[in-house]
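Next up is one chain by itself, shown in structure tokens, the form predicted on its own.
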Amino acid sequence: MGSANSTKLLEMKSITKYIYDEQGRGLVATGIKILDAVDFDLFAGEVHVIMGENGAGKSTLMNVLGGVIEPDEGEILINGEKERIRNTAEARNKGIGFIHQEMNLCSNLDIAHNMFLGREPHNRLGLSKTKKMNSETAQMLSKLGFNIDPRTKLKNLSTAMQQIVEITKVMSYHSKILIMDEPTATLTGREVDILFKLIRDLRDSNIGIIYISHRMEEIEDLGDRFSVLRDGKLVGVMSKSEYSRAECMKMMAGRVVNLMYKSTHVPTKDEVFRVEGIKIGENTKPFDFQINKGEVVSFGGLVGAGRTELAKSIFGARQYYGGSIFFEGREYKKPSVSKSIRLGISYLTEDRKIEGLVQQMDIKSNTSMCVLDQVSPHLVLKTRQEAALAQNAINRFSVVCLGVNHRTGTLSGGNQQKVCLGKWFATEPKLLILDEPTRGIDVNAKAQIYEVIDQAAKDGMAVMVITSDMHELIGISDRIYIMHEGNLVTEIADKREMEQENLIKYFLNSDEACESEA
């Protein structure tokens, strides 16, 4: 168990939480629970990993511990003492720090004011001690290995650096129990290495760390113990010596999960989509590519390579700077989102919470959003048809919910992603653009989405996938295009060349690769 000692910091006993309807009534009679008598404990000096598919109850359990929600049943003991945690302030005061998957920062404030928000030091006149905040913030960031001006506005930082600020802020409370929910989702390799070193240092100083991640390599590297949740229940706890990936995934899914990428579709030579001389930036070079019927074409590259910009350009959600677009043999001039949808071009955004869904609306309203002309002809909404459309998406993508009227903002991340897929499949697209379709998705859900992609191509769709997952890039693709800084580096059409080492060469040595291709 790493350097864990016998001191039990935390014990959660029979934690139960019911799903509530829109009127705030617990659905006790139906027995619908998101947590069902879950037990969990944590020792000083260990990293205890919580694993499970999307919707398994991981984040809900941690929201109970972090004071975000109260349990309906069960009890929490901290250092052997029974505690009631009614809000996040109480959790923090009891030594519980929570690094959420979604950041809780104010983009209009600088780093120092974010760090001390709600606890600013004041002088006798009641004015904030800005110099003191700046100095202490700089020291805290320096411990993480970052030399950042604490006066920098959050909105001027990259998403990764904002995450570092969030982590630093939570650690500044001197927490004895630290909850990390997908903390590396937006971090680069170097930043992940720094975070992992810090986690190990904290563990060695007897901090208890609860770690949630879908990245198997991460949890296998860091974990001392592994608890697996499925459908709101604890199904098993493994020590480091007992852990195996195959057994873990079997516990998560309730069955043996085959992670091999299966391909049953047969690409054709029938062109669906082609671009000639497209420039996605004023200073980028023009390039060509095409996607055929029944083909999965993926775009790889490092963060900032320009893949999302390319997708939004051809979908009509962003300006591009030259070139011609052809769809089904005809030139597609002046693309717009509404025109693309009518033609049969769909785009699943990488940001499901901001761009993909309206969180306050229910599943049926989100699902029908792009096909309103079908469900509301003559401005009269056909509610039965809208509900049937949503129910079809729920069934097709196995969305865990209370039904078509379930508000999407209360769904797990994985189920929100499935609703996004349902929304775009409702348009019956001919060209399906998927931008990071499995980001933040558990292993089993990934396998389901790979099956969806394969079936879409089998049904004759042209599929364009943007992914940062190297194994995914290799596993699902018929052809791969590599991009770097807004330019197309190369095309890889031979499966024998789709090897990780080969792709990394193009990712990192793009200039040399371009010269060799020329």
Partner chain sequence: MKKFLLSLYMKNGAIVIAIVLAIIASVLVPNFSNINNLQTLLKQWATPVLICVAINFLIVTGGIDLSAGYLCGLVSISCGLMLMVYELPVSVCLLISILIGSLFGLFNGCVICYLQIPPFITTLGSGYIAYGLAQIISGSRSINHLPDAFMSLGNTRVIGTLPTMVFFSAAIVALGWFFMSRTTYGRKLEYIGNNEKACLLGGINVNRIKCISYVQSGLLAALAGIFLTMRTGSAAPTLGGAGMPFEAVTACVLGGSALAGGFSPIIGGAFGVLILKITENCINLLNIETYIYDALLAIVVFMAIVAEVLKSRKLQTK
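Since this is a predicted model, take the numbers as computed values, not measurements. Positions refer to the first chain, counted from 1.
Same protein, other form: the form predicted in complex with its partner chain, not shown, and the subject of what follows.
Comparing 338 to 346, 174 to 182, 223 to 231, 411 to 419 against its partner chain in the model of the complex, the single stretch with non-hydrogen atoms within 4.5 angstroms of it is 338 to 346. Using a 4.5 Å cut-off to its partner chain in the model of the complex, each of F315, K353 and L379 places a heavy atom inside that distance. Proximity to its partner chain in the model of the complex, taken as a non-hydrogen atom within 4.5 angstroms, holds for one residue of E282, E81, D373, E331, which is D373. Contact with its partner chain in the model of the complex, defined as a heavy atom within 4.5 Å, holds for exactly one of L198, V192, M361, A388, namely M361. For Q163, no non-hydrogen atom is located within 4.5 Å of its partner chain in the model of the complex, even though that partner is not displayed. At a distance threshold of 4.5 angstroms between non-hydrogen atoms, S365 is in contact with its partner chain in the model of the complex. For the chain shown alone, V297 is not a contact residue for its partner chain in the model of the complex, no non-hydrogen atom being within 4.5 angstroms. Put simply, W424 is close to its partner chain in the model of the complex: some heavy atom of it is within 4.5 Å.
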